[in-house]
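Before any questions on how it binds or moves, here is one chain, the form predicted alone, in structure tokens.
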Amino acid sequence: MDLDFANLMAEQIAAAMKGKKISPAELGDTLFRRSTRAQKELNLFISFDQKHIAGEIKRIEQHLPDKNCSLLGVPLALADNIATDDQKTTCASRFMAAYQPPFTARVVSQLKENGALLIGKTNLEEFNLGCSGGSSFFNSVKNPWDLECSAGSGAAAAVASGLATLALASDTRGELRQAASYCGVLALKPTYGRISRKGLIDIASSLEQIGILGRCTSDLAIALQVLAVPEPDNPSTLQIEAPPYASLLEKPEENFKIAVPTCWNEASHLQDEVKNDFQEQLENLDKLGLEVNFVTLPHFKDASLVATMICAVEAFSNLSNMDGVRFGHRETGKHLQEMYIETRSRGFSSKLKKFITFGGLTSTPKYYDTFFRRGQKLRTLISRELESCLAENDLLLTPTTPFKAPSFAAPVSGKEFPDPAGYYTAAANLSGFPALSFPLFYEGRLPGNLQFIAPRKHEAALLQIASLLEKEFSSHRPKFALSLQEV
């Protein structure tokens, strides 16, 4: 008989494991069979096999006597640009297809120390460059709500399908939140530095960080509590203790003052459906007694373009060591320069090569002042605008994406510059502010979305507003998209 763990929260799974109501062996068998079906349906994994799950089960059994493991036996999916020493880390690129890291990312070690069960490494866009589909060396991930549409990432699809209770993935210009909105799950991008980046193979160091995907607010709170631990030897992390996120949800704040940028309806490719849904939710927030104010943020609409320019320059620098000499894919050539050219030409997708080329041109002396330096100045202006806005308001509210999950037959984004999917999400990456994507469900329609941005270090406010809305919409929230119970 199969376990109904897809319907359980992380806390319930951990309690069942500690109470021996769920055996690790039974959990591993169920996970493998469901994962096998999900892989055939959705193409969400890059690294996944029964041997690895068996090894994870043995590790879980060793943790059973430890009653302090808050994530004991909780199924976890991990994006394949986060390093693991026991599985390949490919970044969904041909260049990295055989790369086996000699180390494990700090976030993975933290989760395993707390008993989490790593199912496998999930598919994503090459080096997490957007989530429009088409650049992964391992083909695109299908959306569990509609197999004709993109999921954005395998991590989001794993949570939406009920296969993983939690997932970790990175967020550069909003990819974590965009994929979550396509798949109808919660996503939290914490304050820059709240979670360690050690072991993340990133393309834009000043923008990209690891975030959490889940199906309920309490699961996000528990995972964030585990991960938000100061790292004294890492200057890029916050050296302050995180608040008790889980306990703060027991008495959530209900008197939020919420700001909405007046330019929210100026996004390119804004679908009427998304526009109407957002206006409806503004009315619902008013009925809940929350104060909603419209504010002017003159540079908010420039955030996606600015983030794209900065990301391209940093990608040009960060990926420069991928030349076929030190590690990764290598092509042959008559001489060293030809080997470099052939290796990078065949190792990277056309999308990534165009992006790196743009970054190289933008960082040259001819264009540096006109584009990159100007972009950095705009980044400062955008951050100051958000700081000023959130000094007077608790949260900033927008849609997460201007459109719902794009179909493979008629993709909305990916061919334009900048990617229109990042219109609302990029500002949080530029400023380092925490942000959360909250799903909205409608019968017979793809999931909708809301995005909240909070001041730095105020992840608790995001979790509290999500908990409040979760209770309000509880009757409209399906448990998961792709039923795996019968497998």
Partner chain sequence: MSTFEAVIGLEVHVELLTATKLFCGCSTAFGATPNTQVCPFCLGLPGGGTPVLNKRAVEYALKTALALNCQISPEITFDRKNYFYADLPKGYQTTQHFQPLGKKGYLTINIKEETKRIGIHQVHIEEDAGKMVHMGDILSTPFSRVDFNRASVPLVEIVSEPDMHTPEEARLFLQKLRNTLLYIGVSDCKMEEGSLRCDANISLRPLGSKGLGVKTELKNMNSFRAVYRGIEHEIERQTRILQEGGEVTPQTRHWDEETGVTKAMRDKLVAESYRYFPDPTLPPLKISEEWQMEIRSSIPELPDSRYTRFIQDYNLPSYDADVLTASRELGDYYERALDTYREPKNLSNWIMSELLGLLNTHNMDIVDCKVKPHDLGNLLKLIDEGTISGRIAKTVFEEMFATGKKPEAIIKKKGLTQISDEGTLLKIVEEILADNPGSVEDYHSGKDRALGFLVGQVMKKTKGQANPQMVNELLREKLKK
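Numbering follows the first chain given and starts at 1. The shown structure was predicted, so the numbers you read here are calculated from the model rather than taken from an experiment.
Missing here is the form predicted together with its partner chain; even so, the following discussion is about that form.
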- Task: Please run the contact check for Tyr99 against its partner chain in the predicted bound form: heavy atoms, 4.5 angstroms, yes or no?
- Result: yes
- Task: Mark Asp233 yes when one of its heavy atoms lies within 4.5 Å of a heavy atom of its partner chain in the predicted bound form, and no otherwise.
- Result: yes
- Task: Answer for Glu314 alone: is it within 4.5 Å of its partner chain in the predicted bound form, judged on heavy atom distances?
- Result: yes
- Mark Arg344 yes when one of its heavy atoms lies within 4.5 Å of a heavy atom of its partner chain in the predicted bound form, and no otherwise. yes
- Taking 4.5 Å between heavy atoms as the contact cutoff, choose which of Pro402, Pro261, Gly199, Pro406 touches its partner chain in the predicted bound form. Gly199
- Note on the structure: Among Lys377, Arg326, Lys287, Lys251, just one has a heavy atom within 4.5 Å of its partner chain in the predicted bound form, namely Arg326
- Query: Which one, 362-370, 183-191, 161-169, 300-308, holds residues whose non-hydrogen atoms are within 4.5 Å of its partner chain in the predicted bound form?
  - Reply: 362-370
- Scan 442-464 and write down, in order along the chain, each residue with a heavy atom lying within 4.5 Å of its partner chain in the predicted bound form. none
